[in-house]
Every structure is written in structure tokens, then in C-alpha cells.
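Okay, here we've got a single chain as C-alpha cells, the form predicted on its own, with questions on binding and movement later.
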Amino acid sequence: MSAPSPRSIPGARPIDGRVRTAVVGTGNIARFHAQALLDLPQRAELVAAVDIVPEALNAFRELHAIPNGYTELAEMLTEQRPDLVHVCTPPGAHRTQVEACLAAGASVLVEKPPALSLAETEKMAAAEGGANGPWMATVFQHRFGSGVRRVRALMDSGVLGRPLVAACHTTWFRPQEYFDVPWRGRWETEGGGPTMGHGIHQMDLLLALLGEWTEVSAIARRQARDVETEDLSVARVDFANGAVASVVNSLLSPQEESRIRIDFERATVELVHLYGYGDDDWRITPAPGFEEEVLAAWRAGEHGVNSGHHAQIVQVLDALREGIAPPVTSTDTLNTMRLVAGVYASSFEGRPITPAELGPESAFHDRMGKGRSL
């Protein structure tokens, strides 16, 4: 038998042709992944789905016309040898599944939160294959709309001036019935409450815009829901560039919205949406004396791409085809997970926390809050 060609070896770079993809977990979020892949037939081939529940697996395969189905991840990896696996299972299963995919030579796009702790995330990152892959990327899709890239370009050009003060609010509503799913609202299986599983998207977007954080002071409380974790957290976050932000994560807010506002020296930039944004969800307000320059740069910036799974998956596929690490990288992911851990550490210890305090010696490195009472 002749040796397989580089294209047929999972993990080989670059990929010449379509990226062979598989989806693990067939719940609600997996639909967004499958649909994005099916909408990109020139870039991707969806070859398999995996779920431990045969009925759910069969329904998902039929809905998306997926040719192969498996109840065991290892069997799928051996038989299909995908280039990319989309891990869409509950958070408690992510680490072992991601590591299995990487060991088999397949890159991974894992849903948020990527793991239950910093320690788990670091182990997943360590399982990557280095410069030639395979790699782990995390679904933080709000980084990929044209609005945030337009803001980032204006920041880099100096048009906006220094960032001074920011707000990052994820104020959503989840009734008690939402938590009746056995793995929700528990440290052991979800890793945390809205700080970990809901507001993490907005927090990641804030970090994508403002960069390195230096200190966080926070509270986390269980205000109204019968859960182990928090249902509310409030934090102050300091950044290396001098900016300071308020961060609110709530599942108790009947008027739901996701909001980021940054006041720069020369303009206020604000994004208000719920689960995804388009260009019309952004607003810019120039400071007096800077109207012409700011508005001209804003109008000339990138437009036309909504945030969402599709926008990120396009870039993940293109990166793999080019033989480079796909976004969002494990380094970016660890920065965001470190801030989440900092919120919990500050809340439970009742003091400000810096990134340097969240290393292996910290109790919050191995778990966000398990075993502690709010």
C-alpha cells in the first residue's frame, strides 16, 4: 500500500482543497456550526457527526444531510480522519474531547467556555502540535464582525485617542426552568454561572479591544436562582493602557441586552445588541472638535460583516487551508479565561486580583469556585 498523501493526513499543513470537518455534540449550538459549514461548500466538507444519544444523532444527521454518524468520538477520528472537529458538547466534556482530537491530528474549534478551569485550558493548549498544528481555537464569534474590526483599526491609527473608561454588560434573563438541565448552574459541570458561561463573550470582546488587564476587583452573588454558582457578578477591571472598565454579568435582567461602551479621548464608541451584532448596532459620538476626523474615519472603515459563528468559521477554515493557527488562539483564550478566574478569585477572597496571582499555586487555577459558598 502506498503512503497517504499529505492532504489525507490530519494535521498536515497546508490543506489543499476543502477542510474535512466533523461536529461532536448535536445540541442547539451545534446547529449554528453545521449550518455555517454547509453554507461554505467551497471551503468545507462536513463528513461526520458524533453524539452519545443515537436518536439525537440521527435527527441531526438527517436535518443537515451528514453522511456518517458515530456514538464514539475515537471511532470517528480513526475512520474519518477529519482536519477540523467542532466540539459542541457541555463544558465538562471539552478537555478530554479536545485532547483526543489533537492527539489524532485534528485541529479543534471548541465552544465556550473552552474548559472548566485555567488548568484544563492550559492542558488543552499544551496538547497542540506546535507551529505546524494541530491547533485549538475557541468560539468567541463577536471578534469577527466588521464593527469591532473597524473600531480596532481606528484605535490603531490613533483617530480615537487613548481609551479611558469602559462598560461591558451582559444583562440577560434565565428563569429557574433553564437550570433544570442537570449540568447547568453547577461548578462540577458548567464551571460557573453567567461570568463563565454567558458574559464571557462580551468580556472576550472587551479584551480584544483593550488588551492586557492588570487587576480585577469583583463580587459574585446568588441573588434569585436555585443554583450552586452565581447568577450575578459585578467587577472593576484595570488595563495596562490605563483604561478602567465596569463588567456586569447577570441572568436576572428582564430587559435583556449585551453592551460595550468605550469612552476614548476623542469619541465614545458603543455597541448594543443581544446575541449578535451588525453594523447598525454600533454608534460613535465624537468629542467636540473631532467630529470631522472621527466621522470620516468611521464611515471609511470596514462594513458589511455581522458577528456570529459563520464569520469566525470562515476565518478558521481559511487559516487551516493556509497552514496557520486559526483564531481565536489558545493564547487569546487563556487571557480571557484568566480574567474569568480573576473575577471568581476576587469575589471569594474579597480583594483585588492580578493575573500573576492566578498561576498553579492559586486555588482558582484548578477550579473557578467549586466547593465554595456564595
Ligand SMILES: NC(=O)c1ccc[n+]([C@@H]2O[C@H](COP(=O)([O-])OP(=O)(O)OC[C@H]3O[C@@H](n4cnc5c(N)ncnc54)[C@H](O)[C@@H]3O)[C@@H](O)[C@H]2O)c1
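Given the structure is predicted, the values throughout are model-derived calculations rather than measurements. Each residue number is its position in the shown sequence, starting from 1.
The discussion below concerns the form predicted together with the ligand, not included here.
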item	value
Triple contact flag 164, 237 and 286 to the ligand in the predicted bound form, non-hydrogen atom at 4.5 angstroms	no
Non-hydrogen atom contact residue 90 with the ligand in the predicted bound form at 4.5 angstroms	yes
Exercise: residue 228 in contact with the ligand in the predicted bound form, heavy atom 4.5 Å	no
Contact label in the predicted bound form: residue 86 to the ligand, heavy atom within 4.5 Å	no
Contact test in the predicted bound form: residue 113 vs the ligand, heavy atoms, 4.5 Å	yes
The unique member of 245, 139, 267, 98 whose heavy atoms fall within 4.5 Å of the ligand in the predicted bound form	139
The ligand: the contacting residue among 38, 314, 334, 56 in the predicted bound form [heavy atom, 4.5 Å]	56
Candidate stretches 27 to 35, 342 to 350, 321 to 329, 40 to 48, one within 4.5 Å of the ligand in the predicted bound form by heavy atom	27 to 35
Contacts with the ligand in the predicted bound form - residues in 238 to 258 whose heavy atoms fall within 4.5 Å	none
